[in-house]
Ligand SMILES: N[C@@H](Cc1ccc(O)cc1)C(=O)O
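What follows is a single chain, given as C-alpha cells, in the form predicted on its own.
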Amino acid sequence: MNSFIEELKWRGLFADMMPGTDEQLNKEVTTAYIGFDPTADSLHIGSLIQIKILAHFQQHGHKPIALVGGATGMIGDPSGKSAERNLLDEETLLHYVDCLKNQLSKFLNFDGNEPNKAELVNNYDWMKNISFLDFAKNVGKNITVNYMMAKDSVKKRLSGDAGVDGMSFTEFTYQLIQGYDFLHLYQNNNVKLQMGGSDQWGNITTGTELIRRKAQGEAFALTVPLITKADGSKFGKSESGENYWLDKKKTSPYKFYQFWLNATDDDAERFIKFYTFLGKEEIEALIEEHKTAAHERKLQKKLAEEVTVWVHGREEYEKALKASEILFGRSTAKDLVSLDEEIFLEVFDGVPQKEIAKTDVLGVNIIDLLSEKSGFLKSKSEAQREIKGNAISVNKQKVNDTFTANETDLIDGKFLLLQKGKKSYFIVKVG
C-alpha cells in the first residue's frame, strides 16, 4: 500500500478512495488538490484537517494544490447544509480569497524548484470569462440530471430530510462547477486526484466522471472522515457556538491553545494523531504514558503545543503557555507583569474591573486600595481581616498590611490584579 495512504489509515484519517488511487500514487509523483471556500476572511480549525492532508501529501513526495474557491464561494456548497447560504458581493469575496491565500501559504512549502512544491490557485481565474451558455453547452451536457440528483447532498435537500424543502438552481449547479474545476486542473495542471471530507465524495466523483466523459481521462478521489468529538458532538466550536479561527486577530493564540489543552482524554488520544506531525512510535508512547498518569494531562499539553506552534509559531505558543501557567498559579509576579494587555484580559476574562486614578492606586496602602478605592472588599475591616488571614494577593503574590503598589507592579503599565483566596479576582485599571 502507498505510504501516504498508510499514514492516513494509522492516523484514522482515511474514509474512502476510488479504485486505482493506491496504484496511481505508487506509480508517479501525483498532483492532488483540495478546495477551500472563502466564506470568511480566515479559515477556522475545521479546515485544519484538509490543510494537514495536503501537508502530509507533500511530505510523502507528491505535489499539493490548494484551491481557493473564488467562483464556488459565490454559490455555496450545499453538502451538509440545511439552508441556502447568503451570497457575498464580489469585493468582499475577493478580499476573503486574498486572506485565505496568505493563510494557506504558511502551511505548505511553495518555495524552491522541487517537482512537488505546492501551488495556490483560484477557480475564479478560469471561471470568470465563461458564459452561462458556454458552460451549459460544453460542461452541463456531459452530466445528466439523474446523475446529479443521485448525490446525497442533493437528495437530502430535495427530500426535506435536512430540515428545509428544496434547493435553488444556484446550489444545484455547485457540483458541476466543482467538477469543472477538477477537469480544468486535470487538463492544465496535471491534477489526477482530488481529496476532501467524506461529505465531498459526490462532488469529487462528479469531477472524475466529467474527466472521463469530456477528456477521456482517468482521475481519482480520496476522502477523510468528518471530525467530531468522541461523544459525537460537533468539533471546532466553543460552547457558545463561536468558531476557533486560525487568524490570531479573530481567535487569540491563548484561546487557541486553551481549546486543545481542554480536550478530553478520549479526544486528545484521537486529536494528537489527527492534528500533529508526531510519528507513530512517539504518539503511542505518549498515549501509554498518559494512561499511567492522566491527571498530569501530558497528552493534552503536547497536543496543544504542537498545534499552536504549527499554526501560530513558537513565540506565540510560549506566550500562551506563560499565560496558562499564570492562571493556574505556576508563575511569578514578573511573568504576570510582562503580559501584554490583550493576553492579560483574556486570561482573566469575566473578572470584574474598575478604572481608578493613578493617584488613588500607586503609593496607597493596600487596606484602602482593597476597600474604599476599588470596592473589591466591602470595608477596611474586611480588608484587614483577610490580610491577617493571609488571603490577599496582588499580582498573584501574597501581601501584608504594609504593602503599597508602585509603577513596577503594573501589568503592561496599567493593571493590578487583586485576589482574595484562590478564586476571587478583581482588576484595577489605572486611569
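If you're wondering where the values come from, they're calculated on a predicted model, not measured in any experiment. Don't overthink the numbering: it's just position in the shown sequence, from 1.
Form predicted together with the named molecule: not shown, discussed below.
Asker: Kindly check, after superposition on the C-alphas around the site, whether the named molecule taken in the predicted complex would be blocked here (3 or more of its atoms within 2.4 Å of a backbone or C-beta atom) or open?
Answerer: This form leaves the site open.
Asker: Looking at the named molecule in the predicted complex, do all three of S374, Q419 and F426 come within 4.5 Å of it through at least one heavy atom?
Answerer: Checking in the predicted complex: none of S374, Q419 and F426 is within 4.5 Å of the named molecule.
Asker: Of the listed stretches (300-308, 97-105, 342-350, 175-183), which one has a non-hydrogen atom within 4.5 Å of the named molecule in the predicted complex?
Answerer: Among the candidates, contact is made by 175-183.
Asker: Report yes if any heavy atom of N203 sits within 4.5 Å of a heavy atom of the named molecule in the predicted complex; otherwise report no.
Answerer: N203 belongs to the contact set for the named molecule.
Asker: Since only the chain is shown here, I'm wondering whether I366 would be in contact with the named molecule in the predicted complex (any heavy atom pair within 4.5 Å).
Answerer: The answer is no: I366 has no heavy atom within 4.5 Å of the named molecule.
Asker: Test of understanding: in the predicted complex, would N122 fall inside 4.5 Å of the named molecule by heavy atoms?
Answerer: So N122 does not count as contacting the named molecule.
Asker: Looking in the predicted complex, any heavy atom of L67 within 4.5 Å of the named molecule?
Answerer: L67: contacts the named molecule in the predicted complex.
Asker: Ok, S252, T208, T72, T223: which has a heavy atom sitting within 4.5 Å of the named molecule in the predicted complex?
Answerer: Contact residue from the list: T72.
Asker: If you apply a 4.5 angstroms heavy atom cut-off, which residues in 20-56 are near the named molecule in the predicted complex?
Answerer: In sequence order, Y33, G35, F36, D37 come within 4.5 Å of the partner.
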